[in-house]
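Shown here is one chain on its own, the form predicted on its own, set out as structure tokens.
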Amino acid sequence: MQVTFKIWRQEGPKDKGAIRAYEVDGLTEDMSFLEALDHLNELLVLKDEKVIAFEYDCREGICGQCGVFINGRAHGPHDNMTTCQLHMRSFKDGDTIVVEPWRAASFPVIKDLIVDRSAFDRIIEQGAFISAKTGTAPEANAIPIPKEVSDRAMDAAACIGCGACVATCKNSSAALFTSAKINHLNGLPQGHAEEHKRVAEMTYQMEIEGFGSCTFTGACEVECPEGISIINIAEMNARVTKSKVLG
């Protein structure tokens, strides 16, 4: 395969960026999208040019590090798929593929396709955990949990923190991410002790990080690779009101 990559290049956070075009030959449809970028970087090394900086870790759709816009869509053309799970068979020989970093004020570009998502870490630090005694793990059946409750919690816990919800939202809202982190703990017995404190502090941190407000357009749910529902946002909003009354 031969394709033309049009990729955002930016040397640093304060530098002006631009799209640069690269014609790349020698690709196969069995290559993953990230392997195609690796191949391009190998060609750039041979030309003594600077390689394209992009982020990845697991390459298995688990870590959430690899997120970029591909032809204007978060993670590429398919639903419920991360960038690293995308293969070149999703494109045709001769295609032009535009690759850009996440676009959000709270996700400043570090270099090329890499953005700073530490705002998510600071939200998690405010309560995405439970306080429990250390030591031997408790018996699994010590706290019976109905299946429908555990299923809802696991659906929310599937969030990989990739940032596609923020990048694709017209308001750059982090409501889907924050609500998933809140609800997967607040819905379980182990999280009840700190539920009001958790929702108040995590939503406050979300606001001061500069993320926009949610207006329920639903783009976040569409582009989320884990298919996390915006019902979580409605549930989080209800929990915020409850925390102000009972917290």
Partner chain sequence: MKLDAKIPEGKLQDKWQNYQVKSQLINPANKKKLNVIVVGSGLSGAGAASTLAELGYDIKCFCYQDSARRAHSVAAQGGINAAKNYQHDGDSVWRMFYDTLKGGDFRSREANTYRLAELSAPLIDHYVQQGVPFAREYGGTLVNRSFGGVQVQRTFYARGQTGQQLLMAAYSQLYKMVRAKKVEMFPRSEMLDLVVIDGKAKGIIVRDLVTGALKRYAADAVVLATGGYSRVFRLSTLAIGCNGSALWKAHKKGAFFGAPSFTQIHPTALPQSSEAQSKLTLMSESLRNDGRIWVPKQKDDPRKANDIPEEERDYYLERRYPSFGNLAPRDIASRAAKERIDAGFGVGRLKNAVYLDFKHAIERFGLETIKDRYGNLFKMYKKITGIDAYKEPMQISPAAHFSMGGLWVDYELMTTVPGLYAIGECNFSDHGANRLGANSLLQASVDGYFILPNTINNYLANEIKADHPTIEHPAFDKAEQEVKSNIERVLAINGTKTVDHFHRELGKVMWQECAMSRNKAGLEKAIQQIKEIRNAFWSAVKVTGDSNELNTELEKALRLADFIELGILMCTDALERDESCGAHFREEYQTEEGEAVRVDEAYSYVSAWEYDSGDFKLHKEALEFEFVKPSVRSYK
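Values in this document were obtained by computation on a predicted structure and should not be read as measured data. Residue numbers count along the first chain shown, from 1. Heads up, when I say rigid core I mean the largest set of C-alphas that superpose within 1.5 Å between the two forms.
The same protein also has a form predicted together with the partner chain, omitted here; what follows describes it.
Contact check for 50, 65 and 147: all three have a heavy atom within 4.5 Å of the partner chain in the model of the complex. Taking non-hydrogen atoms only, residue 161 approaches the partner chain to within 4.5 angstroms in the model of the complex.
In the model of the complex, the partner chain lies farther than 4.5 Å from every heavy atom of residue 96.
Contact between residue 89 and the partner chain in the model of the complex is found at the 4.5 Å heavy atom cutoff.
The closest non-hydrogen atom of residue 46 lies within 4.5 Å of the partner chain in the model of the complex.
Along 179-206, residues 181, 184, 185, 188, 190, 197, 201 each place a heavy atom within 4.5 Å of the partner chain in the model of the complex. Taking 2 Å as the criterion, residue 77 does not count as shifted between this form and the one not shown: its C-alpha moves by less than this amount when the rigid core is aligned. Relative to the superposed rigid core, the position of the CA of residue 144 differs between this form and the one not shown by less than 2 Å.
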